[in-house]
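Take a look at this single chain, the form predicted alone, given in structure tokens.
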Amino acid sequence: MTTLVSLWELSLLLCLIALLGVAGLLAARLVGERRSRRREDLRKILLPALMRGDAPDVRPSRLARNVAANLTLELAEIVRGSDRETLLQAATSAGAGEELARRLRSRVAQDRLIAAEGLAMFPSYCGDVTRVALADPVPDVRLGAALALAQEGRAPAVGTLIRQLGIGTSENSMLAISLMRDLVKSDPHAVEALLYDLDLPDAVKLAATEALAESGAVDHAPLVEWMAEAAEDDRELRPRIIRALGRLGHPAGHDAILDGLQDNAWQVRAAAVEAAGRAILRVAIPRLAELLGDHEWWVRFRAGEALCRLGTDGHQALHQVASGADPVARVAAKATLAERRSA
């Protein structure tokens, strides 16, 4: 009898728990639907207000700030110039900056990254991004925040930023080159100063060199030539340096490019061939014609491209090789000429 009563009591308890669970789910659904309707209503009010730059006519609340922050992230991608400034002023009034600053401390790294990228657009919150996001334990968040600040021209001192991110040591992402390009736009001389800092790794100096070479902001060819000589034993670094020399086109880098055309590593030869074409190095035409018979396809392809860049003399060399005795070089030259005729 006692066991039967216990079973009844347990059954009743389970039924009660199930009823409470169902009631909880229904309540949660009602709250969720109400919150979704409220969120949609706020979007309808905030969207035109942000686009016009008006102060939003909504009651300050966490939900309103949340909606304003999401709308700001969406709209900032499609507006530029004065319209963007107007948008950010209205977004600040709606509490978007405050909400993004809160998300900088989210437990989810992706949320922190998006918040840092968005918050970098707000001049008054750049200090928060610098202080919080650049000290984030996740490297991707730190680098993303640095890129966002650099694109806005609000990055901290270049040397400090490079060391804080560990570029060239713990941080070896190719995005570091993009960061350097943005830093060159706002402070080319600070980036140039990195080249003369003996404590920085070669990877940082190479990224700085490439960024400066693309911008044409400073003349640093003698140093680049020295780097090319110093990096002769580094097969991964040397091709990038030689390509940078080609973009510079400075006469001081021509000898390093010509040396690269004789290198045993095909990666270096390919980079030197590309650099010779970019630098319009006509003295390299005989060697480029020889490299049309290189055993590496990529070197032959780049040699054909380089000769095309070198004008009449380069085309003449291509025609000579196309009728020559080397079958490999002959095929490469004919393929290059056929491609140019069809282009």
Partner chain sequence: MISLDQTFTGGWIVASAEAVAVVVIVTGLLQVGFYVFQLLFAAIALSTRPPVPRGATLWRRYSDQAPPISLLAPAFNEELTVVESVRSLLALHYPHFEVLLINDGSKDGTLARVIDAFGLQRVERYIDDRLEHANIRGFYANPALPRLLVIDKQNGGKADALNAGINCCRTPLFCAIDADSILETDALLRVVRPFIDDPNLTIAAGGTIRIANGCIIDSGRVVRIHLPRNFLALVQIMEYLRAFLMARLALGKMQVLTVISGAFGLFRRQEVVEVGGYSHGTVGEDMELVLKLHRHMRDLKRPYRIDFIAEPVCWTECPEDAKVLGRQRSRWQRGALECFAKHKSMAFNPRYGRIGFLGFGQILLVDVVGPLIEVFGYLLVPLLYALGLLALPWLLAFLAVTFTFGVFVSVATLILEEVQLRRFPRARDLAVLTFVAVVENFGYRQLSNFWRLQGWWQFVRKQQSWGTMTRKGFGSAASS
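Please read all numbers here as calculations on a predicted model, not as lab measurements. Residue numbers count along the first chain shown, from 1.
Omitted here: the form predicted in complex with the partner chain. The next part is about that form.
Mapping the unseen interface onto this chain, E77 counts among the residues with a heavy atom inside 4.5 Å of the partner chain in the model of the complex. Contact between S124 and the partner chain in the model of the complex is not found at the 4.5 Å heavy atom cutoff. With a 4.5 Å cutoff on heavy atoms, G144 counts as touching the partner chain in the model of the complex. Shown alone here, M174 lies within 4.5 Å of the partner chain in the model of the complex, counting heavy atoms only.
Taking the partner from elsewhere, every residue among A109, L113 and R181 has a non-hydrogen atom within 4.5 angstroms of the partner chain in the model of the complex. For the options E33, E290, D41, D54, the one in contact with the partner chain in the model of the complex, meaning a heavy atom within 4.5 Å, is E33. In terms of contact with the partner chain in the model of the complex, the residue from L63, I280, L26, I45 that brings a heavy atom within 4.5 Å is L26.
Considering the partner chain in the model of the complex, the lone stretch of 252 to 260, 94 to 102, 156 to 164, 69 to 77 in range is 69 to 77 [heavy atom distance within 4.5 Å].
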